[in-house]
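One chain is shown next in C-alpha cells, namely the form predicted on its own.
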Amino acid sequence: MVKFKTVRGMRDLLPDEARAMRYVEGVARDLAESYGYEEVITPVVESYELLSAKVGEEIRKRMYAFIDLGRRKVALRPEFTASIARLVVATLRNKPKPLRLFCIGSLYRYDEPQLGRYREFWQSNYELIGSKEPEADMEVLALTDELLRRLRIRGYQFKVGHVGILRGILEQEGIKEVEQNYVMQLLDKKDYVKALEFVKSLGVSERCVEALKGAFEARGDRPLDALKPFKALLKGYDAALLALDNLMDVLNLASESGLKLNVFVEAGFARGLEYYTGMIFEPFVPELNVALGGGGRYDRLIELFGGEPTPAVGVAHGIDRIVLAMRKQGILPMVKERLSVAVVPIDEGLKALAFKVASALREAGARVEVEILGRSVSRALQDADRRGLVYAVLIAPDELRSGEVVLRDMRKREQRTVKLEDLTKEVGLA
C-alpha cells in the first residue's frame, strides 16, 4: 500500500499548532478592526503576469506557476499586495481615500525549507492606500508594533530604511531600472561587495561609489547619529536627499507621537520586492534570524496596473514565524476552550434522547460528543478521559424514570445524579 507524505515544504498543522495560528490570526483581526481596516478576500490563484510584474526576480523564480485547462498561465500567490492593487484598480477605484484594507491567508513560494521558512505560509496583510504623507508610513509601523505588543513578544527591533536613497543615487547616475533591481537583489542578500563591483562595472562616478559605501556604513540604533554624517555624501543627489529627509520625518513623527519603537536604521537596506518606492522595514527578534514580517511604501504599483497615480504603503506579518517566536520565548497562551462533555446512552432506546441532551448543551455553549461507537460505558468513559473531556453525562433507564441523569466529573473521578432540567446549570453553563 502506498504511504503518502506531505509535499516537501508543506505541513499538516495539528490541533495545538492550529490553535496557536488561529490565536495570532484572531489578534491580527481585532487589531485591523481597531485601526479601521476592512477585510477583503482575494483568490489564491491569480494571473502570472499580475503576480510577476514587480515582485522581484528572486520571488519570480520561486513562484508556483502553471498552465491551467484554459491555456492561461496562472500562479499561486507569493504575496498579497499585487492582488490588492488589482482589486483597487478593478473594483475600488472610486471609493473614497484613504482605503484601509486587511486580508489574511496562505501564500506559496518554492523556497528551501528551513526553520521559519516554508513553501506554504500564512500572513496577515494591511494596506493603506491613498496617502503620501509620513503619517501613513508611521501608521503601518505603529500597527505592527501594537500587534507584537499585544502578543507579548519581547525584544523585537525594527530594521528601517528607504529605497529612495539608493535608487535616487543610481537614477541620477543613469542606471537603468532593471540594473537597479539587480543591485537591490544583491543588497537584499547582504552581498555588498558584489553590489558595489556591479555598480562600478556600469561606469558610475567615484562620487557615486563613495555615496554607496557611505550608505552601507550608515547604520545603527540611533537614527540621527547614523544618518547625519551620511547626508553630506549625498550632496548633489537631490532625490536621495529627499528620501533621507522623508525617512527622518517618519521616524521623528513616530517618536513625537509617543511610539517607542526600537529602531535599527540602515541606509543600505533593501527588500526583494521591486515595487517599493519609499520607506521599508522588517521586525526581528533575537531568537530567530528571519524577519517576523515586512513592509514599505509602493507609490507606483496601482498606476502600473492601470489605475490613477495612487500612493500606498503596507505591511505583511508572518503568522507562522510569529508563532515560532512566541514558542521560543515560551509565551504561547493557553487558548481557552469550550467546556467539553461526553454524552453516553446506556442502551439502544436512549440514543435519540442522547442527541437531544447534546443539542441542549451545545446551545448553552459546550463542546459535546455523543457516544456513537456502541461501546460499553467503561470503554466510553476511558476514551473521554484519554481525550481530556471535563464531564460525562450517562443517560440510564433507572435514573431517567425520575427525570435524572448521571453527571460524572472526569477530573475528580466523582459522579452524582442531577435533574435533567438542571443539567446545563450543574455543568456551569447556566
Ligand code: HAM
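The shown structure was predicted, so the numbers you read here are calculated from the model rather than taken from an experiment. In case it trips you up, residue 1 is the first one in the sequence shown, and so on.
As for the form predicted together with the ligand, it is not shown, yet the points below apply to it.
Across the options 89-97, 118-126, 203-211, 238-246, residues that bring heavy atoms within 4.5 Å of the ligand in the predicted bound form belong to 118-126. A heavy atom within 4.5 Å of the ligand in the predicted bound form is found for one listed residue only; from D221, E135, D111, E179, this is D111. With the partner omitted from this view, the residue of M326, L292, V341, L143 that lies near the ligand in the predicted bound form is L292 [heavy atom within 4.5 Å]. In the predicted bound form, the ligand lies farther than 4.5 Å from every heavy atom of R167. Within this chain, I59 lines the site of the ligand in the predicted bound form, having a heavy atom no more than 4.5 Å away. By the criterion of a heavy atom within 4.5 Å, E79 is counted among the residues contacting the ligand in the predicted bound form.
For L186, no non-hydrogen atom is located within 4.5 Å of the ligand in the predicted bound form, even though that partner is not displayed. Contact annotation for 295-332: residues with any non-hydrogen atom within 4.5 angstroms of the ligand in the predicted bound form are G295, G296, Y298, G314, V315, A316, G318, R321, listed in sequence order.
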